[in-house]
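Single chain ahead, written as structure tokens, the form predicted alone.
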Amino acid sequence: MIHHVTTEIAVIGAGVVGLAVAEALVAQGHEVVLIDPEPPGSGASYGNAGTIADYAVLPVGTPDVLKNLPSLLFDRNSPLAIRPGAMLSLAPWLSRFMLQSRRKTAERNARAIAELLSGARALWQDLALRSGGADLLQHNGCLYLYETEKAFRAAQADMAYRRGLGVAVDLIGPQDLAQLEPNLPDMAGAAYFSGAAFLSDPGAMMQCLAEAALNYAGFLNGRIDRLTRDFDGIWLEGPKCRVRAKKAILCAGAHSQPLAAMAGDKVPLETERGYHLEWQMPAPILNRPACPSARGFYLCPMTGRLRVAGTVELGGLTAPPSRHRLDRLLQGARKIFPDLPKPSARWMGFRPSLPDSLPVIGPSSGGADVIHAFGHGHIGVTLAPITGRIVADLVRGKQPEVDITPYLPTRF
């Protein structure tokens, strides 16, 4: 059976960005249908570290990463690695990534990321309140942990740079860290983002957002694999659906590239495969998310469990999860908490990744009847509310509050 739907605005993708976009559009009185083959708020929107990371102003590509890129990519134990067999297909993306990792370009990208992040915490407070999830938004801050004196000293320059981009952060020594997190082993120190917020249960927050949006928007459970234009609208088609819309908003995350091309934009999007492990525990072992900076993952105290989430594996959408990556995540977690038992849950999901670490937000080259809102990488949860506001402004024909020039698809 094929579902035939007609609507004013179709939002393709019901992850956190699609939900925030739909919520912003229905608040303005638009008729909206969300389309996704998976339940709303699943995938990477569920499986993330839960951090509202308004401090994450650095792009993935930096001069330091460029200098160490071969060892990072080809070391199976690196926080940033390539799935075996994917090197050939990744070569064009990696070439762009290396160009974006040069100093001046990386600094430009950092400024553009910081601009989007500047009001993220306040926007999340508003969105959580409107959607009934205010109690899931915690305000205990976040920590970057440094296990050696050398790493702690090196953090001085990193944090000074972030302060220059508007990030509030303090470097604290072992005694202050032990006061904040008495269950951690001895560390050389930490960067403390005291104002940072996080979600105590990302899945529950996604359900709040879904319920808030779907009170006024429709939901179509289906996959869209064809986008075409005619004289008075957009046709969106898939195996079990055919949708007619005046406007389409492309929020399909890691699955966005083919549809963006149909809308007129060739976007160099690749896929990061992210992982998490969980341990059920009645009492939290930490008071706030903590990232052992050399290991590339977060230790996240969530409702009734500890989630260890992170590492980056470039490698596409089709290969099965890497047992090696999960094992490395387990080994890293036990370096911090040696008594952790066998995990109670394992997960892998897909993040969209652009060479410059900037999302694609703005009208398509083929016309403003298609608006792009994808490619947020590691900070999709953080940037969902501001993306929703930008898209709502564009639909109204209003100048967005943020200059979107750095995020337009035409930058490629």
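Just so you know, these numbers come straight off a predicted model, no measurement behind them. For every residue, the number given is its place in the sequence shown, counted from 1.
Omitted from view is the form predicted in complex with a small molecule, to which the following refers.
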Requested in this report: Can you check 355-363, 24-32, 63-71, 369-377 and let me know which stretch has heavy atoms within 4.5 Å of the small molecule in the model of the complex?
Outcome: 369-377
Requested in this report: Can you work out whether the small molecule is within 4.5 angstroms of a heavy atom in all three of R96, V267 and G316 in the model of the complex?
Outcome: no
Report task. Report whether the minimum heavy atom distance between A263 and the small molecule in the model of the complex is within 4.5 Å. Result -> no
Query raised in the report: Would Y275 sit within 4.5 Å of the small molecule in the model of the complex, counting heavy atoms only?
Result: yes
Query raised in the report: Is there a heavy atom of I234 no more than 4.5 Å from a heavy atom of the small molecule in the model of the complex?
Result: no
Query raised in the report: Hey, in the model of the complex, does G13 get a heavy atom within 4.5 angstroms of the small molecule?
Result: yes
Report summary line: Checking L116, L259, A155, L145 against the small molecule in the model of the complex, the residue with a non-hydrogen atom inside 4.5 angstroms turns out to be L259
Requested in this report: Go through G133, G222, G141, G189 and name the one with a heavy atom inside 4.5 Å of the small molecule in the model of the complex.
Outcome: G222
